[in-house]
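First, one chain by itself in structure tokens, the form predicted alone.
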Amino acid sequence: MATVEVRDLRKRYQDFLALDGVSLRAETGQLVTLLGPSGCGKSTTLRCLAGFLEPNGGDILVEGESILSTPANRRGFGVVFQNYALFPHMTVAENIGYGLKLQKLPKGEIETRVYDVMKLVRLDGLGDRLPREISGGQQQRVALARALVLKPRLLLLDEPLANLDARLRDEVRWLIRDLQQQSGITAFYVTHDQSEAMAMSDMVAVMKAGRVAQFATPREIYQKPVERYVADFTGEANFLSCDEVAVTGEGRYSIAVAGTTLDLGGVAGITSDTPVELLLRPEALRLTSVDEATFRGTVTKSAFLGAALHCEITLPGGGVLKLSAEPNANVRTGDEVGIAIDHSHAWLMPEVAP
């Protein structure tokens, strides 16, 4: 359990700058997710935290003290990889207790701690089995138990659900979050899956080309992104170009868009010269009568998805809005419809963060 601060972390591989000034902070007991596409620097950041890579600049502090000179095996961190890295010739119990054996703890203490952690991750009765004799989800739980049994002060998880099917991902996702909250361990979690990041995290760092594009709570990341890249990567989104922008207060704007004027919130610091876009998440939109509408348009696509009717509506100026309507809504391709918006979930942002 620890407070962790990453300061201006840099890592270069010959001519490639993998990390370009990454800074973030995890308070004690928080789960911080590093979210982004392949090559953005999230796993490199985690490996620097673990001590497997040496950064070219910056610092990593745990409880206010730098750990850069501390080797990986003395940092007291637990690490869970996407490929499990289990010893195939060892039983489940032997795999879990391997780190304790290296610490030369008494046999009785090892057995007690292994038994306790196996119960915690729901592996009771599987201690004598080999890894090949259990499922993928159970193997991932063995890897998690092996990290937890060491009672680490920091837990590092690198795409731990990547090799699991959808049902198992959901099961193990909630198990990891429950265990992390129960134990109070500070954790860093790497993923490219925005639903994992939103569901599990206290804080999310959306990474872009070796930098942190935005570091905030999941709700802030989703509802108040600092630029289009962040909005695009964290869920389905509609973007409309604005014709005019006027500043009406701190983080408040009046905009002309798609033939109407809206007053709304947005990223602080936007000026009338800033290239901006209006973000409208699908759930912030609903079909309404043309007379009561904020926008009017033509239904160009509609698809029945069971629980909802997915619609794409083209506005007169050429913009397209996607939304979900009631499954029994009487809407067909070619219909003229009105769209109402929830102003509290409309957000103005620059096309690219300054």
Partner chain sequence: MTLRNPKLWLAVPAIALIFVFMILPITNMIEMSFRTPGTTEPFGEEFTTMHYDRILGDGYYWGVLFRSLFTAGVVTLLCLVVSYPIAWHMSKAKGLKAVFLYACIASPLMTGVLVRNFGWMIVAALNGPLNDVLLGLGIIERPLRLLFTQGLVILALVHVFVPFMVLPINNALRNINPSLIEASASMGANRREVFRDIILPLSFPGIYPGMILVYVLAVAAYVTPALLGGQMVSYMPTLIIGELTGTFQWPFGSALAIVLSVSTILVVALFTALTAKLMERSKA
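Positions refer to the first chain, counted from 1. Predicted, not measured: the structure shown is a model, and the values here were computed from it.
The following text describes the form predicted in complex with the partner chain, which does not appear among the structures shown.
* Contact flag, residue 99 vs the partner chain in the model of the complex, heavy atom cut 4.5 Å -> Taking the distances in the model of the complex, the answer for residue 99 is yes, it comes within 4.5 Å of the partner chain.
* Are any of the heavy atoms in residue 214 no more than 4.5 Å from a heavy atom of the partner chain in the model of the complex? -> Result no; residue 214 lies far from the partner chain in the model of the complex.
* Is the gap between residue 88 and the partner chain in the model of the complex 4.5 Å or less for some heavy atom pair? -> Residue 88 belongs to the contact set for the partner chain.
* To do: Would you please decide whether residue 150 lies within 4.5 angstroms of the partner chain in the model of the complex, comparing each non-hydrogen atom pair?
  => Residue 150 belongs to the contact set for the partner chain.
* Asked: Counting only non-hydrogen atoms, which stretch in 184 to 192, 275 to 283, 254 to 262, 126 to 134 is within 4.5 Å of the partner chain in the model of the complex?
  -> Of the options, only 126 to 134 has residues within 4.5 Å of the partner.
* To do: Could you tell me which one of 229, 239, 115, 81 places a heavy atom within 4.5 Å of the partner chain in the model of the complex?
  => The residue in contact is 81.
* Which pick from 111, 171, 202, 94 sits with a heavy atom within 4.5 Å of the partner chain in the model of the complex? -> Residue within 4.5 Å of the partner: 94.
* in the model of the complex, residues of 39 to 55 near the partner chain [heavy atom within 4.5 Å] -> Heavy-atom contacts to the partner chain in the model of the complex: 47, 52.
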